[in-house]
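There is one chain below, alone, in structure tokens, taken in the form predicted on its own.
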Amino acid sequence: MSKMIRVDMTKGTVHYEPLNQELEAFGGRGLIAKILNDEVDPGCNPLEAENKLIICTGLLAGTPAPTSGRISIGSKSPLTGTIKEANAGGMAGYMLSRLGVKAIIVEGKSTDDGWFILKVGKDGAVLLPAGEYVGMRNYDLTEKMRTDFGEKVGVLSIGGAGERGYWNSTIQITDTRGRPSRSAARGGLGAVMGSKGLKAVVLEESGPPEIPYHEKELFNTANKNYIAGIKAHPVSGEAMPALGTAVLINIVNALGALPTNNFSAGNFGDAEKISGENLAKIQGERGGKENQPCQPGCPISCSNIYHDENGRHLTSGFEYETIALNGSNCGINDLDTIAMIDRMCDDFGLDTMETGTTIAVCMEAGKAKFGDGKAALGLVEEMIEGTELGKIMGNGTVFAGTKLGVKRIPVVKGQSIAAYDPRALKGTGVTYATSPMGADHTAGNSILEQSVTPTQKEGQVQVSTNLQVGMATFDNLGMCIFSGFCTEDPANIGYLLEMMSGRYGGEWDPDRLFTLGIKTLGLEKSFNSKAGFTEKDDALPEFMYTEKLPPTDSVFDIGPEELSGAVPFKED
């Protein structure tokens, strides 16, 4: 039976306990949904002691399954008021599995404004005073952690944004080089961690995990075949290893769905300047790298390492969403400027996606001009400095837009829309509207869907429903969805089922596998319902129903009755 660590920040206690059989059936996002439903009042204040922060791994963690080392972090979100799960690559999931820990539950709230570090090693877990680390940004913090606790530790940490309780705050996770460049970014989970007085979690190096297999040879053979399927797929095997997720800039621009000037257009005239192709060219000139894994054992290796003009490391994990929302959406065509925003956000602990949409809303309010990269950097600096405007921006797009009197605020359930305009990519728009966690592309993105025309309404609800179930399932497995592109081939689904049989035993068919996702979505919707959310909250911003998006001149025309058919799962 797997074990979890329960940390009571009020009492200052840490103890291990086994997961019961009911919890053992879930991993990652599903485990978070189950624990929050069981243990947290959906009506609680997200930044008070009654809320809990859960850090956990997936069902295939610790195995050689490709991309299975992702970490899931969840809570009730201060940004959305909904249930929230954010996941990331990096070393944390891999290291937790090697330590034999499936979940960490952080509850309560430290007294007397005390700050702590949770250190987890093979000999146990302990809370340590963190006074000397308070106020440190993530890059300096993780460097000091490696000095104080050893070069090979993994770190989950918050920067100043989480310490201050900004609703737009992340939990940063160290990558394979010890840099805090992987983000559990969305929903303000850094503020939840900060509210509890937890500055960082330090994971010590450990030996290989003792993973029990029902039939290891079956698992290994299926795993080998599944990896071959990933490498044979044109996206996960060719496009993403070559250019990373930035390959999408030109693709989404061609679809007319690239957010431009606060979602006022779907084409950006300078898209080529911020494209994956230009990014690769700059990397070649400066000594940056593509084809880097964000976690051990990833056969896709889509991470980019971006250097400044002097050849010094600037950022890594330089993703499409960061580039689009801080680039075209702000009218900015300079990759160096966008990369600097990315670096500043990782360092201070801000979600780059929420930041980009917030900057664009500020530009629409007249606080800067679209295309002014220097001004955009200045707005990020205001959040870091904690000026009056910076504090407003630190609480996210809807808070800033409302305070500044902006009418066109691109959010759903309080969370900013990701870097795909839903008027030109309507399947993703259905996901934005109906996902239990707000406008989140990772809940089910239709960008690669070929069965429907992106701008037509027909069929989009079913497409989104299928994608949401699939995404929630992969989030339970602890696998990156990029490794799931190959499952469009039924043979690869078969290999995945054999992997689950080899690991856990029993007969696994598609119904059993994807029921993980269905149950997870049901639990999430149940939590939100008890928190006061209704189907009326399942809607896009009003302007997207009325303003035509150039160049397709499309509006979002899928109404409430049709949206109610998406993820129609009963409460658990």
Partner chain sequence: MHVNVKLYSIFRLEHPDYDVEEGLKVNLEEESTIMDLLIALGIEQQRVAMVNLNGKITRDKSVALKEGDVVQVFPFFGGG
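Just so we're clear, the structure is a prediction, and the values are computed from it rather than from any experiment. Residue numbers count along the first chain shown, from 1.
Another form exists, predicted together with its partner chain; not displayed. Remarks below refer to it.
Just one listed stretch, out of 382 to 390, 450 to 458, 130 to 138, 153 to 161, contacts its partner chain in the predicted complex at the 4.5 Å heavy atom level, and that stretch is 450 to 458.
Think of it this way: in the predicted complex, its partner chain has a heavy atom of just one of Val126, Ala265, Ala242, Ala232 within 4.5 Å, and the residue is Ala242. With the partner removed from view, the residue among Glu272, Asp308, Glu204, Glu215 that has a non-hydrogen atom within 4.5 Å of its partner chain in the predicted complex turns out to be Glu272. When contacts are judged by a 4.5 Å heavy atom cut-off, Asn445 counts as touching its partner chain in the predicted complex.
Although the partner is absent here, Arg343 is not a contact residue: none of its heavy atoms lies within 4.5 angstroms of its partner chain in the predicted complex.
Using a 4.5 angstroms threshold between heavy atoms, Tyr420 counts as touching its partner chain in the predicted complex. At least one heavy atom of Asn250 is located within 4.5 Å of its partner chain in the predicted complex. Not one of Met437, Phe474 and Lys519 is positioned with any heavy atom within 4.5 Å of its partner chain in the predicted complex.
With contact defined as any non-hydrogen atom lying within 4.5 angstroms of its partner chain in the predicted complex, the contacting residues in 476 to 504 are Phe482, Phe485, given in sequence order.
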